[in-house]
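Okay, so here's just one chain, in C-alpha cells, the form predicted on its own.
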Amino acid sequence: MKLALIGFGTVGQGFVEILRDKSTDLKTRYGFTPQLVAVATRSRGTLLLPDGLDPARLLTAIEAGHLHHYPDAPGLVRDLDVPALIRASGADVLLEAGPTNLQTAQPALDYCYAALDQGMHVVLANKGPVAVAYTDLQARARAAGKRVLFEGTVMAGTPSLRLAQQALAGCTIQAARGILNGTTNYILTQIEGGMSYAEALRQAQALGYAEADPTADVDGWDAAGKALILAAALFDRTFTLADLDVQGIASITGADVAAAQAAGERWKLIAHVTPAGGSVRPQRVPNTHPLAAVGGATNAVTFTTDLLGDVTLVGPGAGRRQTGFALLADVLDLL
C-alpha cells in the first residue's frame, strides 16, 4: 500500500514513528508493508520518492528543522507543491493531517478532492473537511469507488466512530453526549482541585494541552467541530457551527464548582448531538454518570441506543501517537 502524508507535525510524526517502530509486527500480523511515497509540510518542504521514503530518516530530517535534511536518493523529488505532489505520488491512500480550518476546510478539502480524483482513498485526522463537507466528500468517494475514513477527528485513537458505526450496527443511536476536548476537561479538573481558571489555563498551556491562543478549546469551538462530525457520521445530518449552541468554560468559577460538588455533581464541557441538532456547553453532570468520573485530559462519549441503552467509551482524545494510531487503524481498515 502506497501512502501520501499531508501534514508532518505532531500527528504525522506520530504516525511515522509507528511505522518505524512496528513495521515487523505489522507485516507479521497483517501482511501490511506500507510504502510512504510522499510527505508534505506547510513550510518545511515536501518529498516524493516512488520507491518509498525511510521513516527513520524522515523523522531525523524534520527534527533537524526541514525536509531538506533528508538524504538524496535516486528518484527523490523535492519541493513540489501539494496538488502536484498528490498527482505525481501514485499513492493508494492520502493521509490528511494538516491544520484544521472549521470555516472553509481549505486547503485540506481541495487536497481530498484531488486525491479522490486520482483514485485514492482518503484518511483524515484533519477535522475541517469532514465537519464542513461530509456529504460531498462521501458522494465523491462513492462515485470514485473509494472510501473516506476519519476516526482520528473525534477522539484521536479512541475508536468512537468505529464503535458507533461498526460495533453498534443494528442499534439505532438516538443521541451522543460526551467530553470531546481534553484541554477544557483538564482545566475544570484543576479548578476542582482549588486552582483559579487563569491558573489552570496557564498550567494547561505549560503542559502543552492548550495553545498559546486557547480560544478554540476554551470557547468550545474544537468540541463543536467534533459535534458536527458526530452528527454527520451518526445521523447523516449536515449542521454548521452557526446551527449549534456553543458556550465555553471561561465563566466557570471556583464557587460554581463548589456548588456542584455540594450537590453531588461535576462541571463538564459537554458536546451533545441528536438528529434534531446539537450543542456544546458547560453542564453539571451527576456523579453517578460515567462522564462525571472522566478527569484530566481524557475524553469520553456516551451513545444512547434503542437496544443497549447508554454505552460509554473512555480514552485518550489527543496526543502524538494516539492520533497517529487513528490513521493506522483507518489504513488497516482499508487493508
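What you are looking at is a predicted structure, and each value in this text was computed from that prediction instead of being measured. Residue positions are given as counts along the sequence shown, with the first one as 1.
As for the form predicted in complex with a further copy of the same chain, it is not shown, yet the points below apply to it.
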Close approach of His68 to a further copy of the same chain in the predicted bound form, 4.5 Å, heavy atom: no
Ala258, heavy atom within 4.5 angstroms of a further copy of the same chain in the predicted bound form: no
In the predicted bound form, Gly193 touching a further copy of the same chain (heavy atom, 4.5 Å): no
Exercise: Pro290 in contact with a further copy of the same chain in the predicted bound form, heavy atom 4.5 Å: yes
Site check Thr172, Val311 and Pro316: each within 4.5 Å of a further copy of the same chain in the predicted bound form by heavy atom: yes
Which of 96-104, 197-205, 154-162, 122-130 sits within 4.5 Å of a further copy of the same chain in the predicted bound form, heavy atom basis: 154-162
Listed residue that, although a further copy of the same chain is not shown, lies within 4.5 Å of it in the predicted bound form (heavy atoms), from Ala141, Ala88, Leu109, Leu168: Leu168
